[in-house]
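The data below hold one chain only, encoded as structure tokens and taken in the form predicted alone.
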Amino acid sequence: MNIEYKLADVTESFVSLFEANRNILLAENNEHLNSIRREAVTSLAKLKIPGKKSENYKYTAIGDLLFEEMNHVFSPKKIEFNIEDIFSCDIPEIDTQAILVLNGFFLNQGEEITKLENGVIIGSLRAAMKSYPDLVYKHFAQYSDYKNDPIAALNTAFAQDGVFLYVPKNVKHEKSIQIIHLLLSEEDQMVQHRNLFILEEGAEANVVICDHSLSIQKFITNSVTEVFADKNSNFNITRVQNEHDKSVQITNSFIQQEQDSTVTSNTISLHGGVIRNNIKVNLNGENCENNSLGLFLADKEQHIDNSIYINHLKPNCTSNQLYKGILDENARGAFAGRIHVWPDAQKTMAYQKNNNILLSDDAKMNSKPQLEIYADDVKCSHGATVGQLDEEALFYMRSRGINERESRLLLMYAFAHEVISEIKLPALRERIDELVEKRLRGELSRCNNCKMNCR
């Protein structure tokens, strides 16, 4: 089949799916949301699902992945379980506020949306649209660029729920929030969910997102997270991806930063069949700081692709990108990091580094660092390396009595630790250290934090 026709068929199938389920998708009688959904479907039909000819998806054929027929669920499916057994953390010191999302829908453990004593609002995005519509729609779909991004348009058309977080002005929310995305189904399923995080001026918060697949069926997840960080706010978001080899995970993070704000995102990809992470950052005020970090570990036939776009719009801003990958067996990796400095963004400091280790002759890594600079008073640099473990370092360690296997593990662990050390939450940093070490030793297939008894 001609590739262009195939992509057109994939796109048309989603447009047809929307039309067939229009009454469900537009059932809330919310004209603001419904108009956004209709615009998103129109954008999707015009833009089409990207294929390999798309420069942005050159190494990850999204059209091929979405061509497979999957089950779509547009309302939460009831599953009986013991709440206390759904998630059990073996490090009590993490002390997070846990929120569960099952197959893209907020899992009701009481109130769907809660306003805490300090003014923080957290809960179901769908519930927030009803309870706090003015607050939600001031930011919802404002940063995801669904009119120009077909994957964001796909999510905007179909996503029905997710997590909403609002931190009011000058509030420092001390307790970290842990969002646990669980996938559980008796049939292959596509899941689309949406997160919206809003930090007002001077606010601070930490969010940990954990992605887990709990049944052997194939899952395709297309998620969108929008973050608004107002003046002088500070936001840390860590994502831990730990799904099985039959999973396909597409994450899209859109981050809007205003003056003097700091946002640090850290994506740890421990396990998954195909993973594509898209991060787009707009530095929309002076003196912003953005830190985008990632660590990915892949073996067998796994494929992990990270695409980062930092948009320097205003002067005196700083951005740092650090992504590292370790690939073994027939694994495939890709990294595309783009720094765009606009003419008004003088005094920009932007740094990008992508380092990768290949442990086998069959593993493959594609790295594409990019600088696009239209200002003349900037400090920008980028660099990428793809290589093997340092043989001299291995020889030195073995000469000191350390066997070859342990020497290799120590070198890989030291390589990975530069990214892990940037995780802000100490207990989580220690836990990720442990998980990465187990993954490198081949002892970890999926995180054992989650224990679910389903009937």
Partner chain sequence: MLKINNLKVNINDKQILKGINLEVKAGEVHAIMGPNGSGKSTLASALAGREYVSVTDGSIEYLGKDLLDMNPEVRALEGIFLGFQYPVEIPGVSMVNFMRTAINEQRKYKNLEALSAAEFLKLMHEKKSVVGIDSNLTKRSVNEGFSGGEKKKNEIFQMALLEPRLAILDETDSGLDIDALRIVANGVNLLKSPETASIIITHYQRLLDYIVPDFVHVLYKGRIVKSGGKELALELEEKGYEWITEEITAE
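Positions refer to the first chain, counted from 1. As the structure is a computational prediction, the values presented were derived from the model and not from experiment.
As for the form predicted together with the partner chain, it is not shown, yet the points below apply to it.
So, Glu404 and the partner chain: in the predicted bound form, are they within 4.5 Å at any heavy atom pair?
Contact check for Glu404: yes, within 4.5 Å of the partner chain in the predicted bound form.
Using a 4.5 angstroms cut-off on non-hydrogen atoms, would Glu68 count as touching the partner chain in the predicted bound form?
No, Glu68 sits far enough from the partner chain in the predicted bound form that none of its heavy atoms falls within 4.5 Å.
Using 4.5 Å between non-hydrogen atoms, is Glu28 touching the partner chain in the predicted bound form?
Contact with the partner chain, no.
Examine Glu430 and determine whether its closest non-hydrogen atom to the partner chain in the predicted bound form is within 4.5 angstroms.
Contact check for Glu430: no, nothing within 4.5 Å of the partner chain in the predicted bound form.
Counting only non-hydrogen atoms, which stretch in 420-428, 52-60, 384-392, 37-45 is within 4.5 Å of the partner chain in the predicted bound form?
Every other range fails; the passing one is 384-392.
With the partner chain taken in the predicted bound form, which residues across 394-420 come within 4.5 angstroms through any non-hydrogen atom?
Heavy-atom contacts within 4.5 Å come from Phe395, Tyr396, Met397, Arg398, Ser399, Arg400, Gly401, Ile402, Asn403, Glu404, Glu406, Leu410, Leu411, Ala414.
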